[in-house]
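A single chain comes next, written as structure tokens; it is the form predicted alone.
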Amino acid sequence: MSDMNVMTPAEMAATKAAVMDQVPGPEVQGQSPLHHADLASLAKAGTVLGAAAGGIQLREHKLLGHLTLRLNPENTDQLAAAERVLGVALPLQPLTSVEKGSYSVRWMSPDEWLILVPGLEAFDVESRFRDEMGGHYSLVNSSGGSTVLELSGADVVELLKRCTPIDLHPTVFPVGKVVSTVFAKSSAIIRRTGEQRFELVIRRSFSDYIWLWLQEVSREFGLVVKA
């Protein structure tokens, strides 16, 4: 027989995963994927990109914490644990989202959610999940792989129609709805956060391309960068 020690279920439950803090401290200057575009200077100068008066406003919500959670949605104990950590219940209806304060959660599939939190809180949130959650689940910190753009303004729907095939009429795409879809020959997770305001989660590797695309496609509306 093998001499290998076999852990009992109780011992396995008491064992915690080794979690590394992947986020540098506040003494380290963070740079978003669009750092080179110097959006802060454009915002300060009030520059309008394009010939029109500025029907589109763009703001980058940079350096947020991005956590992907996967669990069994029929496991009420895990759902309760997630709610204790986040202060809000996971959205269980397809293509919906919830938010509370600076935390927001997007339904991505029947057993997957994308959680956005302030960047410097990502490790604390991750650690609380490890403390609260039992059973089989997955929590992945992918904070460095994406950034978030907010698009708003009187012409924002017309702009987005040129970027994605998704029907954006408010009767089928109300506030709070989330889709993961084609965007400007790339991809984005689109969430409607207001009647004339949308949020895009885009991959770091395509952020420069999408920034250039948005400048071009918004020429007829005018693009104003906000701080």
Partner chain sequence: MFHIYCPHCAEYREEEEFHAVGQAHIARPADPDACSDKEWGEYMFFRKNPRGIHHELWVHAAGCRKFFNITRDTQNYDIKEVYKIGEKPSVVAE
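Positions refer to the first chain, counted from 1. Just so we're clear, the structure is a prediction, and the values are computed from it rather than from any experiment.
The form predicted together with the partner chain is left out here; the points below concern that form.
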Since exactly one of Val179, Leu67, Leu34, Leu159 fits, which has a heavy atom within 4.5 Å of the partner chain in the model of the complex?
Val179
Pick from Pro118, Gly144, Gly135, Pro94: which residue has any heavy atom within 4.5 angstroms of the partner chain in the model of the complex?
Pro94
Would you classify Ser109 as touching the partner chain in the model of the complex, given a 4.5 Å non-hydrogen atom cut-off?
yes
Answer with yes or no whether Leu49 is in contact with the partner chain in the model of the complex, where contact means some heavy atom within 4.5 Å.
no
Can any non-hydrogen atom of Ile166 be found within 4.5 angstroms of the partner chain in the model of the complex?
yes
Have a look at 59-67, 181-189, 40-48, 194-202 and name the one stretch with heavy atoms inside 4.5 Å of the partner chain in the model of the complex.
181-189
